[in-house]
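What follows is a single chain, given as structure tokens, in the form predicted alone.
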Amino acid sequence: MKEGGQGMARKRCEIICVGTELLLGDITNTNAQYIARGLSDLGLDLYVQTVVGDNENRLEQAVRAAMSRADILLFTGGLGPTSDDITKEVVARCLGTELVLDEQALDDIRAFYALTKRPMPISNEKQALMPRDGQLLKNPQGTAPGCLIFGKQGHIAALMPGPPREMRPMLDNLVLPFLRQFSDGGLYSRAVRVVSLGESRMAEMLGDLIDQGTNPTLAPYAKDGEAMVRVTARARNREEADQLTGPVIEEIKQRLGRHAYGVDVDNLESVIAELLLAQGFTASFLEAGSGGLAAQRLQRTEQAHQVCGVCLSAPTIQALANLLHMGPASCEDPAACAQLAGAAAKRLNTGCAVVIEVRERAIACAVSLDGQTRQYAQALPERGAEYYRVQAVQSALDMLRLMLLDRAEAQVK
């Protein structure tokens, strides 16, 4: 493919997604995320993403602003046949080139309509207009071909259709291979997952590593009920990246201790499923007020059929106690969860039972594992039912994880 005469230096990129439907929230902008990941894999710099509606003046302002910051502009959307599809016209004008009819593009569009046994509207001929001295990007998935435009000031613009099923193959098969020439390596990331430790506290414990990190760099993130620190290295290949990130990850694990529950793992429940399987346990969950969230999470793991036992869900802890033919279980008594967990482990014939209670501005949980029981209760600030559910489930799952770790370590000793 044409290289645009730009040499082999790494260039700065910018993403511009065009479409009023994106601004109104009618469509989720998954294209920007997908493109950003592709650029990251190539090690290309990306500092700005823009969403702009189908307005000629505002789009031109966005393009010219991007040209002042970046060398490579990646567009999605606005390549259709209607009057508000203006991306190609505006970008060509900004980059100082003109559009001409491309017979190959027109033949491809006609062939697409012939394949679907529909007549081609005259308006679709607009989609066959391509930049002079540009590069056609074929689109077997639809009628909107993309293109590469090479600007007079050295800019390169890659225009791709908006629908993800059309944009993604074009990006993967045509655009990213073209852009690889401007990369001197890739960005390789690893994620350390952290539980029972807030993002701010985690950042304090890793402050010097975050502030001083250049290659690799560290970035802390908050997630639902947990936190994460992403370690990213620029390297020629994965092996070189692992050599850079490995010592830093070990230092993070040393500092965070058991709060760091896994590296490059999917989630907390997947780690717990592995521990349950290794120790030969199945876990039963009895949940009051959480909507069965903990059980749902464990049941989505690959090992669910081996590690997930009978699970019960009810609005109140008393309803759960009634199912097990127990006496009154006061929701005001923190020990109620522990009593229920011990009884459930016996009556459900499982070595592990987890009880979770969610009520307004308070949570409680207990785990009975191999005859030992631990309990936890906490009052919470006013943040809504979903927050309470997540916090209760995370607390219970982490308690189960720690008990499994303690048991494994005791067996080794």
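If you're wondering where the values come from, they're calculated on a predicted model, not measured in any experiment. Residue numbers run from 1 along the displayed sequence.
Only in words, not in the display: the form predicted in complex with another copy of the chain, which the text now covers.
Is another copy of the chain in the model of the complex near all of L23, L323 and R389, within 4.5 Å of a heavy atom of each? Heavy-atom distance to another copy of the chain in the model of the complex: all three under 4.5 Å.
Considering non-hydrogen atoms and a 4.5 Å limit, does another copy of the chain approach S270 in the model of the complex? Contact with another copy of the chain, no.
So in the model of the complex, does G154 come within 4.5 Å of another copy of the chain, heavy atom to heavy atom? Contact check for G154: no, nothing within 4.5 Å of another copy of the chain in the model of the complex.
With heavy atoms only and a cut-off of 4.5 Å, decide whether R255 touches another copy of the chain in the model of the complex. Flag for R255 set to no.
D224 within 4.5 Å of another copy of the chain in the model of the complex, heavy atoms: Answer yes; at least one heavy atom of D224 falls within 4.5 Å of another copy of the chain in the model of the complex.
Picking from 129-137, 170-178, 306-314, 95-103, which part of the chain touches another copy of the chain in the model of the complex when contact means heavy atoms within 4.5 Å? Heavy atoms within 4.5 Å of another copy of the chain in the model of the complex occur in 306-314.
Would you mind picking the one in V194, C337, V91, A295 that has a heavy atom within 4.5 Å of another copy of the chain in the model of the complex? It is A295.
So which of G291, G246, G262, G185 gets a non-hydrogen atom within 4.5 Å of another copy of the chain in the model of the complex? Only one option qualifies, and that one is G291.
Sequence-ordered list of residues in 42-76 near another copy of the chain in the model of the complex, where near means a heavy atom within 4.5 Å: Those in contact are L46, Y47, V48, Q49, T50, V51, V52, G53, R58, Q61, R69.
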